[in-house]
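Take a look at this one chain, the form predicted alone, written out in structure tokens.
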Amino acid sequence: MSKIEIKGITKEYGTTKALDNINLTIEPNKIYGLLGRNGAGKTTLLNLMTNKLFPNSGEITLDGQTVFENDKALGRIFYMMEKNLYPLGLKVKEIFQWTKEYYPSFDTKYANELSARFGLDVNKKIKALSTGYSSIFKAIAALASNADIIIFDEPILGLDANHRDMFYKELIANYSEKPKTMIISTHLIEEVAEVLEEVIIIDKGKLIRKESVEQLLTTAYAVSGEASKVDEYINGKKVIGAETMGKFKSVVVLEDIHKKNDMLAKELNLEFAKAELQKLFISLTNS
């Protein structure tokens, strides 16, 4: 099943409350986006889920079994961390072999195929990899792990546009062939938006949203056209983003998409479009 339940999790560092009574259920076989500003508590939550930290209160379970000091449960989760904790003196191919010791279902053949496709030299030592290729190496290890739950923390750090596109396509292909739970924590929301099914938004240590991307995007919409007419349309409405080029203006209106005024928009010769996930995120996490 691979159902993760986070119940009343609080984590404090001295007088700082990094996470404040988080209650959250992560259902199996979905691609989640874990979103939050710097210092929101995302990495703390991921470290708690993978037993790298202990909470001050609360519990985290995987299919009813605690993840704290539970090697069996943790063996079902692969965590691609932003930090590189692999032995720097080992070669990429040696790390693949080493990973198979911890994840018996690790697909070495697939890892080598991906390495060739991404241009990763498996004979290079970890310390010789650039930032981009270090990310590629860690992402390949994660995808080849065949774990029930794969967590990606800033997986495209240092990747060029071509490699980022390749990564997203491979992630979808991997998920489609063998559905699993994937959690992606990233600041590049605009890029990852098309991949996500659900979003988890944390702000200042509190959970503020958990819902499908589709549902979240119904809470706002974009409207554009001649600036003066756009201003007329949005009179009295809450606007969370605006762009102006000469006489042209585009805004994002925070309002249920089903309440948009089609008749007025037609009269003013305005056009509607979907809101962007990133702009919604910015609005929800602004004080």
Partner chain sequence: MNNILKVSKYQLRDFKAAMIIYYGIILAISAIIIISYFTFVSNPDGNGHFSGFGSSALIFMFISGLNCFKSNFKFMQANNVSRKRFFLANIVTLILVSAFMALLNSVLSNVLSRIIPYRDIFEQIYQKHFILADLTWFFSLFTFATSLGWFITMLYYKCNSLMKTIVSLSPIFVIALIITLNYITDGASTRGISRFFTSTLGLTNNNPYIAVLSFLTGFVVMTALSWLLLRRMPIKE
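Positions refer to the first chain, counted from 1. All figures in this text were calculated on a predicted structure; none of them were measured in a lab.
The form predicted in complex with the partner chain is left out here; the points below concern that form.
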**Request:** Choose from 188-196, 159-167, 92-100, 201-209 the stretch whose residues reach within 4.5 Å of the partner chain in the predicted bound form, heavy atoms counted.
**Result:** 92-100
**Asked** Within a 4.5 Å heavy atom cut-off, is K127 in contact with the partner chain in the predicted bound form?
**Response** no
**Asked** If you check in the predicted bound form, is I140 within 4.5 Å of the partner chain, heavy atoms only?
**Response** no
**Prompt:** Within a 4.5 Å heavy atom cut-off, is F248 in contact with the partner chain in the predicted bound form?
**Reply:** no
**Prompt:** Does the partner chain get within 4.5 angstroms of any non-hydrogen atom of T219 in the predicted bound form?
**Reply:** no
**Request:** Could you check which residue among I234, L53, A227, I240 gets a heavy atom within 4.5 Å of the partner chain in the predicted bound form?
**Result:** L53
